[in-house]
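Next comes just one chain, in structure tokens: the form predicted alone.
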Amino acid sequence: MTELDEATRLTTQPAPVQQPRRGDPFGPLRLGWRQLTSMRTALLLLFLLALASVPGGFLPQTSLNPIRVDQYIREHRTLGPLLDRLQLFDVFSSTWFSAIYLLLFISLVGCLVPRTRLHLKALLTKPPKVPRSLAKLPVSERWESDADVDTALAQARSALRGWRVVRRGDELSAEKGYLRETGNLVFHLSLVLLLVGIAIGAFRGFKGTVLVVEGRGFSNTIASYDDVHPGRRFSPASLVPFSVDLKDFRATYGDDGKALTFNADVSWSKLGGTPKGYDVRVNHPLAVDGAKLYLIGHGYAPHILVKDADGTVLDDAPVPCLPQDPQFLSTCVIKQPSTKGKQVGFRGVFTPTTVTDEGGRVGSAYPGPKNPALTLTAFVGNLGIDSGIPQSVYTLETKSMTPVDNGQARALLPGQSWKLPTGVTLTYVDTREWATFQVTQDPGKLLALIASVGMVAGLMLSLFVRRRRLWVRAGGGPGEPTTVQVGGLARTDPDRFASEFAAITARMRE
């Protein structure tokens, strides 16, 4: 590297890697490592990571709403299973997303370590010597002064107030704007910290989803959740002890059926504490000692009363129904294995605003409960619950069952009943609502917040601070006027630096 090249180098970027020498067995490995740890590769991987995140915003995710994922797969019987195999319903914990994430982390660390070392070395190193020819620099000026060399250099140093200045004989070397490189490094170091914070949340964090019907509640324990996603290093003992009861859920809709508001009125308390009220809304979670309770879904739960032939109450509880379309046409299953005769099962369709087409099929015209109805198909026989094979509460196996009334469905309004030939009576009492909550604990969020602030601060420094250097050389014999030469360069914004250079040289000549 020539003297001029060394003086005008205004970057912490390592020198370009040389092609491996012939016969060097480790040359390709070193070349591959330098390519992986280059800033260009880091930016490419960052772009790929952002691109890989896009499906997570358009497709339902298992970690947020497993019910919608199941519904999507049922509605798209060809595309749904294919997307599931590609892990597009669990994007942020998929194998391919984790691979890009890990490569980005390695690339950033490998890129920042040499840059940080070079920047620290530059901070501790004096400004470089004056190049031999200042006229070759982007901006330069030359004039003669009646002052002697020492006076001319003292005047130049005074004009460079705020710069880091070093005098070597009859020459001055000055530089300014090191915070630009510092900001660049702070930004990328903060990005690494952000990745670390996200990784800590993935390893030690927790997500649990639970469906709660109005009037019921749950405790923050693993057994209470319908779906859990603990980190690989998560300990159940780290769960924040608290309990939540859903007192009331309210949803409002526009005339076109578009959802307007969702409000879950809950009562919560810490272990042994006094219950407190809270209104959980979208983007307005309940926070308890580092844990957050989010409202992520809702639906209807018809209150069902089932009596045996002798009047014994077999069941008296709401049955959650799963929404199938934007108008909240919902499906549910009712199983009753405790009858004294044959076991009974029902497949139901709940419609909050019930309408019937010309073919006799029921549907919902509005998501609000303006005309609720429960349409049921009954079966008697063996539910298969005692076979030892696990069954979903949302499916009904009818292989060993006989349909009632030849499978003819019956619609029930609130308060109406249906008595089966076996003597079992089912009554649709009233309509309640349910809400799906997700509880999250993310121990890496504080680190992620600090990293985000660092990224903003570093970006501001790298955008608004300009790195530049300036050199002064003075000379002249006894009885001769002093010749002053000044030259400089900036890494960015040369036009603005030209104006600054003109102002500095004007002060030097005063």
Partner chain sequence: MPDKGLGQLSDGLLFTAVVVYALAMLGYAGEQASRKARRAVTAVRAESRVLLGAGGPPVSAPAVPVVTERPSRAGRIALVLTLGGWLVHATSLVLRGFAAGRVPWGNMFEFSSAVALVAVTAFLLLVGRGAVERSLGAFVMLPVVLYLGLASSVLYTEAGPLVPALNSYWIKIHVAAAVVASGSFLLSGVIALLYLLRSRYDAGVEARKSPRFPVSLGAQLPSAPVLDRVSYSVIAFAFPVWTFAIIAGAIWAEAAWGRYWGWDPKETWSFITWVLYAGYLHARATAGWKGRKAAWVAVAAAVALVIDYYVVNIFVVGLHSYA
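Source: prediction; values computed, not measured. Positions refer to the first chain, counted from 1.
As for the form predicted in complex with the partner chain, it is not shown, yet the points below apply to it.
Interface membership of V456, the partner chain in the predicted bound form, 4.5 Å heavy atom rule
Because a heavy atom of V456 falls inside 4.5 Å of the partner chain in the predicted bound form, the answer is yes.
Please check if F92 has a heavy atom lying within 4.5 Å of any heavy atom of the partner chain in the predicted bound form.
F92 belongs to the contact set for the partner chain.
Since only the chain is shown here, I'm wondering whether A448 would be in contact with the partner chain in the predicted bound form (any heavy atom pair within 4.5 Å).
Because a heavy atom of A448 falls inside 4.5 Å of the partner chain in the predicted bound form, the answer is yes.
Going by a heavy atom distance of 4.5 Å, is L64 a contact of the partner chain in the predicted bound form?
Yes - in the predicted bound form, heavy atoms of L64 and the partner chain come within 4.5 Å of each other.
Looking at 276-284, 335-343, 156-164, 367-375, which stretch has residues with any non-hydrogen atom within 4.5 Å of the partner chain in the predicted bound form?
It is the stretch 276-284.
So, L49, R68 and L191: all three within 4.5 Å of the partner chain in the predicted bound form by heavy atoms, or not?
Each of the three qualifies.
Though the partner chain is not shown, can you say which of Q438, N382, S145, T354 has a heavy atom within 4.5 Å of it in the predicted bound form?
By the 4.5 Å criterion, the partner-contacting residue is Q438.
Only one of P128, G297, G197, G231 has a non-hydrogen atom within 4.5 angstroms of the partner chain in the predicted bound form; which is it?
Exactly one residue meets the criterion: G197.
Any residue of 479-496 that, in the predicted bound form, places a heavy atom within 4.5 Å of the partner chain
Heavy-atom contacts to the partner chain in the predicted bound form: only D495.
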